[in-house]
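One chain follows as structure tokens, the form predicted alone.
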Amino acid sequence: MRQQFKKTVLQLAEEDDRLVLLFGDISVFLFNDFSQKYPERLLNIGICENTLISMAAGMSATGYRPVVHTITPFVTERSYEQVKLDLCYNRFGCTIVTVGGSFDYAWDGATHHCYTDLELMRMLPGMEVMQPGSKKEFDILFRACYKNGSPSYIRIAADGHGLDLPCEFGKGIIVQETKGAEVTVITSGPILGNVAEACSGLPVNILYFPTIKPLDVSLLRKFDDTDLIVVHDAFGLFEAITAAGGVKAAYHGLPDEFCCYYGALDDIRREIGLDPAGIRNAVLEYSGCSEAPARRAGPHKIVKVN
């Protein structure tokens, strides 16, 4: 998805000389083509995330369309006050594009894990929040938001869900609709791939929201006569859905504890029940189905860190 980020901004920069990139010392070499073509429009500010946001606000105030890019926890959790006051309070347009959300940097431990970003950004007045699950979705969402004058947050991922879905800013997607289904599974981002696999053959609906704010409440309402379960590897989607008013949902996702395990992304998901087998078992339990629990496939590679 980061490759698509590079491709999209290169194309847009050709027609929009107000688009500027502010980087926090990551992806700089990936964007060599951009910096060679537009050397004055890619600034590597270094590991100074608060400064990144404040500079972006100042540039927005003077008519530029800044795009901030760095690792997720460092520009959301660490720089929350700057995003809140410099961008949102002043209603300055800026697009924050992050990598490393949830457990994409699983091997780097809690300092690089970030599962609060979507909810933190969602709570800020005026902030748009997106979690694309494919390169196509990123391209569509970025193009829709980068110059609309609002602060926007887009989390890109190390993996994708592998599905070719229609995508429109602010709209949810029906991935699977089953006649007579009593349960609707709701998700966002790349974890949709695991959800779709987990729900294969089950009599459930699947809704997908690449835009978390503004939430497509009208789509949600069409399924509010079913039992809702949110399956997500972050905080933010569940909170957005239950804040919609009169909507009740269950949540299968993150435990209330730090991840003290070492492994890759799939290993962490397996450990906390967000692999296809774990998700299927959760949906079956929630729906009261008597099907035997799905067997976990493959060796268990997680190593507990004391």
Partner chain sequence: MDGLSLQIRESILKISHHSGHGHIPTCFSVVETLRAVYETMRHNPADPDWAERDLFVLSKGHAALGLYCTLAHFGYFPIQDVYAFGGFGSRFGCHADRFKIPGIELSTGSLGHGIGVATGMALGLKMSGSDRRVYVVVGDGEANEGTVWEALMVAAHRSLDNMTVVFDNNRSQARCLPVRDPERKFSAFGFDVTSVEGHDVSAIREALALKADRPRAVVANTVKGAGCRTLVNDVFAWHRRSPDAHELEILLGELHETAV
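Numbering follows the first chain given and starts at 1. The shown structure was predicted, so the numbers you read here are calculated from the model rather than taken from an experiment.
Below, we refer to the form predicted together with its partner chain, which is not included among the displayed structures.
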Considering Phe34, Tyr261, Tyr251, Tyr64, which brings a non-hydrogen atom within 4.5 Å of its partner chain in the model of the complex? Tyr64
Heavy atom within 4.5 Å of its partner chain in the model of the complex - the one residue of Ile272, Ile45, Val247, Ile26 that qualifies: Ile45
Tyr89 near its partner chain in the model of the complex, any heavy atom under 4.5 Å? yes
With a 4.5 Å heavy atom cut-off, would you call Pro255 a contact of its partner chain in the model of the complex? no
Using a 4.5 angstroms cut-off on non-hydrogen atoms, would Met55 count as touching its partner chain in the model of the complex? yes
Contact label in the model of the complex: Thr116 to its partner chain, heavy atom within 4.5 Å: no
Partner absent here, but in the model of the complex, which of 123-131, 76-84, 182-190, 94-102 has residues with a heavy atom within 4.5 Å of its partner chain? 76-84
